[in-house]
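Next up: just one chain, as structure tokens, the form predicted on its own.
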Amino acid sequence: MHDAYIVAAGKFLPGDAISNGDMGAYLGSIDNQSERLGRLILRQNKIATRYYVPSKNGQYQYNNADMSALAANDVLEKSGLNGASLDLLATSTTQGDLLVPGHASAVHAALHRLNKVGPLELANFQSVCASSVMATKAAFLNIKTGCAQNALVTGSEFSSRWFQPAMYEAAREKLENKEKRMAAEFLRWTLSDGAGALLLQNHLSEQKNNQNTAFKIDWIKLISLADRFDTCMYAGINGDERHVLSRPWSHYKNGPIEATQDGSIMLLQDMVLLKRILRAWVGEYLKLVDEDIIIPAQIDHLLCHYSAHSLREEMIKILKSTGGMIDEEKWYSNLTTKGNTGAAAIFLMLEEFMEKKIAKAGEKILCVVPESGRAMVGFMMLTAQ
């Protein structure tokens, strides 16, 4: 078995950082109620800036695959690796640009245009935030088993396309329901666009890259709790029918237009269910603590993905009451400046963390990526080199 190392991380963020006051100029306005809820949600999530693909005049400069490829190219440039030497490309996102074919193929094609990347193996992962951990684990296992010497892993999100006013207007009567309105607005004022990428190798290069930081991957674990919870963050089904998934958007007799009018195309988050799932995420972490797989006192840095500061406070409250708390000064996050970038979030955190050269050799870094899609959580333990 071979060791696997993260030797470089890259990013791509479209345009300039957008302040809270400028969000409406990029997303458009639904109504006064949306603006009021937006102010409340921004106070809860404490996001100050974020990034969007659309410009103020509504022009789209990039697609999802473009952003992934640009983040991947950033990694190649930092590491000095020739794109033609790549063995594996593993991609992750909530929703690619097309229904068919998969996102990984589109990223491969875009990366070929940028860096002449030739034939290689692909792994395509579509979920929500934890798809980033799925893709990383695929790369990790390929390197561990000797199937690949190196692998590029990407995570990207193009969330803003869900939040234009036209996405809500056809089903406006659905938004008269208070619960439905909050389910739609929470994500509209929280999610952001962007992409991150990692380069994994089976060795550490003698010629250090300009980040001068690398991490050995000790282990990666993923746990799905879909057997216990209904869908929590979803699009493609009417929220009233999601418990049995009886009629997805493709089953409407009059096609996507009828599905849109029924509210089945909107991206929604069940806020009540989210609070229940949060406790289950913490429960899975505590199981690893009980098994001595994670020893809180031995963790030097915690990179934990969460969508709102209020959820972080809830997690900390539970952890302190159970004795599983990792000292809060060890927590690292860029939610305030980057927003919630979903599948890209942990990669953008790692890129910033590596650029700042925060970790010292021998220190342990625990990455935690919970996903509310249908209750999933991923854990990754790293050792700084």
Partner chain sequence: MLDQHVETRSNSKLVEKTLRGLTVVWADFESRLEQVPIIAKINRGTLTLADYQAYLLNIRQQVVDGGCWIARAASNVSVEYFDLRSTFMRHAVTEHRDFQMLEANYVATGGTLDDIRSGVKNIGSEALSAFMFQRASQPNPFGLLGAMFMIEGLGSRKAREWGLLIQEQLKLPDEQLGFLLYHGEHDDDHLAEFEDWLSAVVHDEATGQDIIKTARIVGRLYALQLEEIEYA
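Residue numbers count along the first chain shown, from 1. These numbers were taken from a predicted model, which means no experiment stands behind them.
This next part talks about the form predicted together with its partner chain, which is not shown.
- Not displayed here, its partner chain is kept clear of residue 32 by more than 4.5 Å at the level of heavy atoms in the predicted complex.
- Contact annotation: residue 176 falls outside 4.5 Å of its partner chain in the predicted complex, judged by heavy atom distances.
- Proximity of residue 55 to its partner chain in the predicted complex: non-hydrogen atoms within 4.5 Å are absent; the residue sits far from the partner.
- In the predicted complex, its partner chain lies farther than 4.5 Å from every heavy atom of residue 40.
- Shown without its partner, this chain lists 333, 63, 322, 44 as candidates; in the predicted complex, only 322 has a non-hydrogen atom within 4.5 angstroms of its partner chain.
- Comment: its partner chain is not present in this chain, but in the predicted complex one of 276, 144, 221, 216 has a heavy atom within 4.5 Å of it, namely 276.
- Heavy atoms within 4.5 Å of its partner chain in the predicted complex map, among the stretches 105 to 113, 283 to 291, 130 to 138, 303 to 311, onto 283 to 291 alone.
- In sequence order, 227, 228, 229, 230 are the residues of 217 to 232 having a heavy atom within 4.5 Å of its partner chain in the predicted complex; the partner itself is omitted from this view.
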